[in-house]
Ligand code: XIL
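Shown below, as structure tokens, is a lone chain in the form predicted alone; questions about how it binds or moves come after it.
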């Protein structure tokens, strides 16, 4: 079953342009005009941004808030392969084009997400990878897409979530359709194809699993460092490590010391660091919104305090900006009488404690 976000996105993917209202300059009388997160982050030479989708940009007020708060956007759905290439060799570029145009018209930078992933692929892909053309099926897609947006993208998530230490391989790679078809060399192929298609875009390896505490996260950090070190030794043109930054407000807190040491090791490889999908799951706590919001803010702040210490960090993106567009809560949440509150703004686009915690983290960087 499609989630509400996915269902709305699938409708938006059929449209070639954003609505005229969304593209017009929105005059919103009650817009909070105090400095937004982007302005605060810019003082410390950090880009702040968020995921956005064409269906969200139908809302004029959201457009006004987004362009006040963010300086960088990343498509949530529109540039995943299932959306871009629903039939072999037949591309649906219009929604992605609309987001790129929106970003340029609003003075925003834009990232590409994601070229190679084991999810969000079109139904025909797995069977196609059993043919002799399998290498070309990987590289031609990357070449076509990256070339189309050459010179327009801040960065690309070239390979997403390729690691799974629990799968038991010595190279730590996740068992995926790409690994099955092409072996471990698919990652090198992907990055080299992206570099050839755009010599200047920042190329990112993007993953999760290094943020948390506990033995499984220790293993993931060690595996990630080993993977990145080997890739750099082979000359793979990875320019940045993308840490997704999905946290839990009521789970084990992050271990700041371990996270700090991990990011220092990433920096020592000559890589830049991007936080690409930050949010804080508030499931598992009591229903009191003030308590929930503060727990979300505290988790975010503990994470960002460490991330922003590192001089290799160049950007922080949240996976969305407002709770308005989150999926409806599950059964347990409905019983407790709350909706998810995982992002900096509430469902009426008002700033929450998470916004304030992020603002303080940006403001204090370098002190």
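A quick note: this is a predicted structure, and the numbers were derived from the prediction, not measured. Residue numbers count along the first chain shown, from 1.
The next section is about a form of this same protein that is not shown, the form predicted in complex with the named molecule.
Against the named molecule in the model of the complex, would residue 80 count as a contact residue? Criterion: heavy atoms within 4.5 Å.
Taking the distances in the model of the complex, the answer for residue 80 is yes, it comes within 4.5 Å of the named molecule.
Using heavy atoms and a 4.5 Å limit, would one call residue 121 a contact residue for the named molecule in the model of the complex?
No, no contact at 4.5 Å.
Determine whether any heavy atom of residue 174 comes within 4.5 Å of a heavy atom of the named molecule in the model of the complex, and answer yes or no.
No, residue 174 sits far enough from the named molecule in the model of the complex that none of its heavy atoms falls within 4.5 Å.
Would you please decide whether residue 293 lies within 4.5 angstroms of the named molecule in the model of the complex, comparing each non-hydrogen atom pair?
No, residue 293 is distant from the partner.
Exactly one residue in 277, 85, 255, 198 has a non-hydrogen atom within 4.5 Å of the named molecule in the model of the complex; which is it?
Result of the distance check: 277.
Between 160, 248, 164, 224, only one gets a heavy atom within 4.5 angstroms of the named molecule in the model of the complex; which residue is that?
Checked against the cut-off, the match is 160.
Just one stretch in 227 to 235, 285 to 293, 112 to 120, 128 to 136 has heavy atoms within 4.5 Å of the named molecule in the model of the complex, so which one is it?
That would be 112 to 120.
Given a 4.5 Å distance limit between heavy atoms, list every residue of 309 to 324 close to the named molecule in the model of the complex, or none if there are none.
Residue within 4.5 Å: 319, and no other.
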